[in-house]
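To begin, one chain is listed below as structure tokens, in the form predicted on its own.
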């Protein structure tokens, strides 16, 4: 029988199925978030020790608590060494590191040494050390020097861990366990239509903060009021935060008490728009702490069937995008994002739908600079468990983390709370809670969702449409649904009195497969569907935006016919992000026509 000094005998670590109970709490949520705001960080990118753990041996045998010893000094057998062995780069997706890990779903351990970033002498006692993980798909558990600190759920939003109490100078050992098991009670659930990459796929870093520091800053333009600033701080005493916006000649105090404060300033800033993406430097200072943001001021409103940007009607010429790359998976870079934006501009777009989960925060930061509007969404997708309280809490937290991360970004046009979800009472209650949370955290943006339409009555009868401000529908007439007359009927009968956005439309086409327009999967067939779709949509007064599916081909295990072989081929460009299909030019011509002029 096996025996372990860390975990006891085999009865304990092989047969006790309650071994994970000790690693479910505490939870890292949006309440522990800290705004980056131009603060310097210690980048932890680079090689980390790595091992997959399909049987949770690291938890069962408590290998996370192993002492650091050279292999020749160990006297007992062990199944994994967090101080030695394979390495992978962080950020990365483990699926693309080795062929045998390509379809691996389960747990894996990341480990590295970190040094206390505070100075060895001086004011270290008055400073805090916070770990920031940009994203880990899906569940992450953090350990420092063998001690479990907490857990985070959600594969696309950042989380923060205060390490101060356990980091007292010198070198420490950081372990992060990540698992990407698909489950029906997760968000998204076990059934999706994109690739389930695993790993630490965004930046990991350390922040050094004063003991008293600003945790959040939300600055925006509110019609009829002016510039409104909300500040959250780490202490509940009565004090003042200094707010400066040099371009507005604003240098004022925001009173804070109970950890928060709000001030309204009568200002008329130069406005941000896709044509003139003006950004203003904003600085908040509290004692030794300073936060700096670049913020665009603009107003958004929905008036009947119109979307208004700075009071003027807006027509959304868009494209949907996944965060997926043939070589790096969900790992992105400024160069990759800027390439995405260039191709969107080549199409004539002013708008991108970021499907189906929060994308990297640099997307919104760069979109602010380049003047592109964004639909940002959480992965409440298809049949999540709308009854389970834990699933709802997970979705609410992912939404909260997304909104708090990106609400200073002028480019974010709308928060999307769902995609193609079934109209049930449980789902309506679930999404009502999400809508209320989004409006509580951000009262400046409309909400949207990809709603369902009744395929028999050809009307949008989805009760979700009553919760949102902008109604989206995903429709594939010409591809999955053959009769374009049904699309015309849906548009003719639309009477909800809200803007309608075609959040998905399109068809699969294999780049380089040429032939008759009657043959599915050819570029000609795909282009013919675009021609017919755009002719119909362009004549529909209800349609205020179009976001075809999608810019690039992307991986999905769900698609396994001879033409797709693990890829969704609805991209206007192939997965090489260079080869354009015929439909690319069809959409570009439409957007550059007088539609929306």
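Note that the structure is predicted; figures quoted are calculated from it, not measured. Numbering follows the first chain given and starts at 1.
There is another form of the same protein, the form predicted together with a small molecule; it is not shown, and what comes next is about it.
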**OP:** Determine which one of 441 to 449, 387 to 395, 473 to 481, 366 to 374 lies within 4.5 Å of the small molecule in the predicted complex, judging by heavy atom distances; exactly one does.
**Re:** 473 to 481
**OP:** Answer with yes or no whether residue 504 is in contact with the small molecule in the predicted complex, where contact means some heavy atom within 4.5 Å.
**Re:** yes
Original post:
Does residue 532 reach the small molecule in the predicted complex, with heavy atoms at most 4.5 Å apart?
Top reply: no
Subject >> Contact label in the predicted complex: residue 549 to the small molecule, heavy atom within 4.5 Å >> reply: yes
Original post:
Is there a heavy atom of residue 420 lying 4.5 Å or less from a heavy atom of the small molecule in the predicted complex?
Top reply: yes
Original post:
Non-hydrogen atoms within 4.5 angstroms of the small molecule in the predicted complex: do 193, 381 and 554 all have one?
Top reply: yes
Original post:
the small molecule isn't shown here, but in the predicted complex which of 141, 356, 330, 360 has a heavy atom within 4.5 Å of it?
Top reply: 356
